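Given next, in structure tokens, is a single chain: the form predicted alone.
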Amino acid sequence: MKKKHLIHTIILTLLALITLLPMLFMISNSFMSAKEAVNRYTDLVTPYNVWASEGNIHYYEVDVLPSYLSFETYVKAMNPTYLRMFWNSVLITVPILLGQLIISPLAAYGFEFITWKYKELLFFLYIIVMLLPIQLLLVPHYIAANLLHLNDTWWAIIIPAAFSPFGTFLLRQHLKGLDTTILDAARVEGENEWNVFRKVALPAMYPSLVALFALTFVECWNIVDQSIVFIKDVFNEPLSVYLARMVTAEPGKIFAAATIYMIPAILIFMLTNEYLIKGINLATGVQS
């Protein structure tokens, strides 16, 4: 058993290192100078990379470590435009998180414990919408946003994301494992349905709520497709879209800019790691 456990540990460690390799590569390359980044990762032929060129084309020179450490790209990346786009991402992500954390628990409780006609049919439609790829939903979202005069505003992104069915599905799966006798005892004590939800069901959902918070943050922080479709003004775009433009416009800054962009998601994961695992386990019925 010990040998088998050791083999599993080695395999999982190797898989983890392979998964982390792109992130480690990006962080290490963020400490190279802007000039070195251009010389290595663009097709521009310069006096410094002509030896790795053929004709008028330079081939990329991938390297894990920079030639020498430099914080130049971090200083250049933190310009007013970058900070503006970073703030745009915050202003888009926070309302979506608030919407999910308010709407999803209420909807999940209603689907699981409130008896009403056609609720299972409606929940089935929730599942169908959740399984559809986002690209397929962009057309009806665009038409609806256009009718509501929301195109070219953040609300065209925020409202559909705040009502995303994933949170309701995740929390309802958690509530299926909740002991209903606790709810019945609260009702016997004279509590109305709102107080039963607020005092009993909501605290019980805390681990899954934290998991929903982390998963929703990562999804919305990396939002791209919706931004490209709904936002026309480049100054209102989130940082995720701006980074895509930087790859071609400012290749010397991209590694540092992407590293800074990654920090909030890493912090969220580190702070919620324990609850994330527990919440997903409770929602899926898997015991860790």
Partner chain sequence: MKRRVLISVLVSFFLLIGLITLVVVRKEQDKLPLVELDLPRTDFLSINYEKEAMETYLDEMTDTFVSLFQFDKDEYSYLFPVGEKVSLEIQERSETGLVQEIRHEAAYDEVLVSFKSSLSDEGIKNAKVLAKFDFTSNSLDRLIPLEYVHFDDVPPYVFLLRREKGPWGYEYYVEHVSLTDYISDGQYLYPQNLEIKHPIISSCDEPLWDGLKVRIYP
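Positions refer to the first chain, counted from 1. Computed from a predicted model, the values in this text were never measured in an experiment.
Not pictured, yet referred to below: the form predicted together with its partner chain.
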Which of 33-41, 65-73, 233-241, 248-256 lies within 4.5 Å of its partner chain in the predicted bound form, heavy atoms considered? The stretch 233-241
Its partner chain: the contacting residue among Lys199, Arg84, Lys176, Arg187 in the predicted bound form [heavy atom, 4.5 Å]: Arg84
In the predicted bound form, the residue from Asn79, Asn195, Thr180, Asn146 that sits within 4.5 Å of its partner chain by heavy atoms: Asn79
Counting only heavy atoms and a 4.5 Å cut-off, does its partner chain in the predicted bound form sit next to every one of Ile263, Leu267 and Leu271? yes
Using the partner position in the predicted bound form, report whether Phe124 sits within 4.5 Å of its partner chain, counting heavy atoms only. no
Taking its partner chain as it sits in the predicted bound form, is Phe163 in contact with it (heavy atom to heavy atom, 4.5 Å or less)? no
Should Phe113 be classed as touching its partner chain in the predicted bound form when contacts are defined as heavy atoms within 4.5 Å? no
Please tell me whether any heavy atom belonging to Tyr142 falls inside 4.5 Å of a heavy atom of its partner chain, as the geometry stands in the predicted bound form. no
